[in-house]
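As a starting point, one isolated chain is supplied in structure tokens, in the form predicted alone.
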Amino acid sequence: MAVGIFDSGLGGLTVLDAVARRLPDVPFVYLGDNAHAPYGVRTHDDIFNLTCGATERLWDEGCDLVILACNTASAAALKRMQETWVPAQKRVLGVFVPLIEALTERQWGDNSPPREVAIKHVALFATPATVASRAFQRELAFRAIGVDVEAQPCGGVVDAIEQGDEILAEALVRSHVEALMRRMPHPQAAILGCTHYPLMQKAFQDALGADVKVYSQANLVAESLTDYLTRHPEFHGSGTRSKFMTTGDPSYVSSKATQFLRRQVVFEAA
């Protein structure tokens, strides 16, 4: 009954950690496409093709349900995958919707018409490809009206995090927050629209100020996945063993992942 977790690199490990704590009896198979990371600067067609290939690899591992724990893949590829590519007996889900449900104070699966919500000014921090897709704004429009979203493409942050350069990552975060706040001086909420960014949540919060509510994804996705599997037990899949796989160098990725999660993580070749 394995569930697949996919990311372009290491960021999805923040989601994996949260869902594994929430669902300790479920095996999770993680696949990082480290050989092609970062996705945030790639074309939508490229992201679509890479994400489909990774998803098929997770299906081979007995994961009938795959979570795209990558905002760029969720933004640039998920809708097209669901509409044109995913077979009826499989499911591929993204990480945007749980975040938007929390922002708009909706219960899981609430498909009622969009309505007014308390938060009117939202800052979105994401990769250039996620920002260009406008997927967050599209999903938000299904659930809320009258919300102003100012998006900031955060070039360089993912690379700095993956390289373990915390000082550079924090400096980039401050720079991107300052750039956004020149356009939206008083956001009420901030969305960290990349699964790498929870590691920089304090830096984002410090730069934004204590009055801004910062929404991060990992725990919200864990709650949503728990609810989904309760309602759809047929997608537990046939896999029985948790594992970590990478398209990159397993030794190098294992070392970086161990630093990333602050516990030993061993990857094998995908």
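Note that residue numbering begins at 1 and tracks the sequence as displayed. Since we're looking at a predicted model, the values are computed, not measured.
This next part talks about the form predicted in complex with D-glutamic acid, which is not shown.
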- Message: Since only the chain is shown here, I'm wondering whether residue 194 would be in contact with D-glutamic acid in the model of the complex (any heavy atom pair within 4.5 Å).
- Response: yes
- Query: So in the model of the complex, does any heavy atom of residue 158 sit within 4.5 Å of D-glutamic acid?
  - Reply: yes
- What stretch, of 67 to 75, 137 to 145, 181 to 189, 83 to 91, brings heavy atoms to within 4.5 Å of D-glutamic acid in the model of the complex? 67 to 75
